[in-house]
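Okay, so here's just one chain, in structure tokens, the form predicted alone.
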Amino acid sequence: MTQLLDVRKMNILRAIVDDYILTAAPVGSRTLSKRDDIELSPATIRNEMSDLTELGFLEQPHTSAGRVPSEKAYRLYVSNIMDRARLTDEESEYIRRHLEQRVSEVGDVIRETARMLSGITNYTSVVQSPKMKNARLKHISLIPVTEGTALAVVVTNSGSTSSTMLTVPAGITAQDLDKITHLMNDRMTGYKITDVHRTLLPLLREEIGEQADSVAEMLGGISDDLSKRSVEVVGAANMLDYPEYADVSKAKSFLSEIEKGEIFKEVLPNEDGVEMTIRIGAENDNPELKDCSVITVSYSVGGEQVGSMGVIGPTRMDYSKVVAVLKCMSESLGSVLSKMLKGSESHKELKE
């Protein structure tokens, strides 16, 4: 696609995209001629804009003399033209220090990440909680609720807490649950949650005999619950600040899709190894995102990719800034979570 454009056309296209991102108004040749980085006459610029329109990079809304970028232009801009913004050291340090103030609980860090990401970009932010497959048991409480049910409250070494309702097998009394609780806190602390079921079974057989298998199956629900990953969403209403969503029915449709939550399964990448994605307009599968751009980035803990985060905004998005902010937030979140895990494990040799 780039071979179709010479340097002059590329410069004009970059200037149009930059200006349209700022103003949301069609860009005319006279406006561009006043820029120091163009230095061409309005007539020459009009000719170049006409060529760019024929090539599909610009569109002419209504009868306006100005042009607006097409999705094709945004794709070229993101891939080849835009200047790569960098946050200042002060901005990066502010993000890192702000997240470190939430080190008591993983959920707090994720929520604060989403809040900061939306606040800095003024778009809709989406942050996925980290995979819990490597989380280790720190403390568990089994609390009888009614006959046949109990509430399991699990705290992991990362500081995250999960509450799960369990079906208690017939014959297991409140005293048995208390015994199991003490057994797990005494013997299982430090084990990976995913290993608890396999390692716990022999211990349960020693304590409660033939009912061990039923109890182990009951406790398996805890691991299943911890494997579920939550998504924090902040700033959906920010989209209403942009003229692209001035239409009430369009805005309602977007907000309704956000509220349902299913959209985030499409927004956030499912496969590991995907570091950053930028999807523009029709590149998004969901029709409610056809006028949006979605940028996502993964984050890692201890060298392992454990989650992702993203920003949803209009196709007239400040791509350079969003990419820079997402990279910084990803590195900062990974660093904070890594420190949390390291701190919680340093006081004790983990059992394997």
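Bear in mind that the values here come from a model prediction, so they are computed numbers and not experimental data. Counting begins at 1, following the sequence as shown. Rigid core (definition): largest C-alpha set, two forms, superposition within 1.5 Å.
Just so it is clear, the following notes concern the form predicted in complex with another copy of the chain, a form of the same protein that is not shown.
Interface residue among Ala237, Ala85, Ala174, Ala282, judged by heavy atoms within 4.5 Å of another copy of the chain in the predicted bound form: Ala237. None of Leu99, Ile120, Ile278, Ala251 but one reaches within 4.5 angstroms of another copy of the chain in the predicted bound form through a heavy atom, and that residue is Ala251. Heavy atoms within 4.5 Å of another copy of the chain in the predicted bound form are found in one stretch of 146-154, 212-220, 73-81, 91-99, which is 146-154. Taking the partner from elsewhere, Lys179 is found to have every heavy atom lying beyond 4.5 Å of another copy of the chain in the predicted bound form. Taking non-hydrogen atoms only, Ser129 never approaches another copy of the chain to within 4.5 angstroms in the predicted bound form.
At the 4.5 Å threshold, heavy atoms of Glu262 stay clear of another copy of the chain in the predicted bound form, well away from it.
Proximity of Lys138 to another copy of the chain in the predicted bound form falls within the 4.5 Å heavy atom cutoff. After superposition on the rigid core, displacement of the C-alpha of Leu177 between this form and the one not shown amounts to 2 Å or more.
Core-superposed comparison between this form and the one not shown: the CA of Val126 stays below a 2 Å shift. A movement of the C-alpha atom of Ile280 falling short of 2 angstroms is seen between this form and the one not shown when the two forms are aligned on their rigid core.
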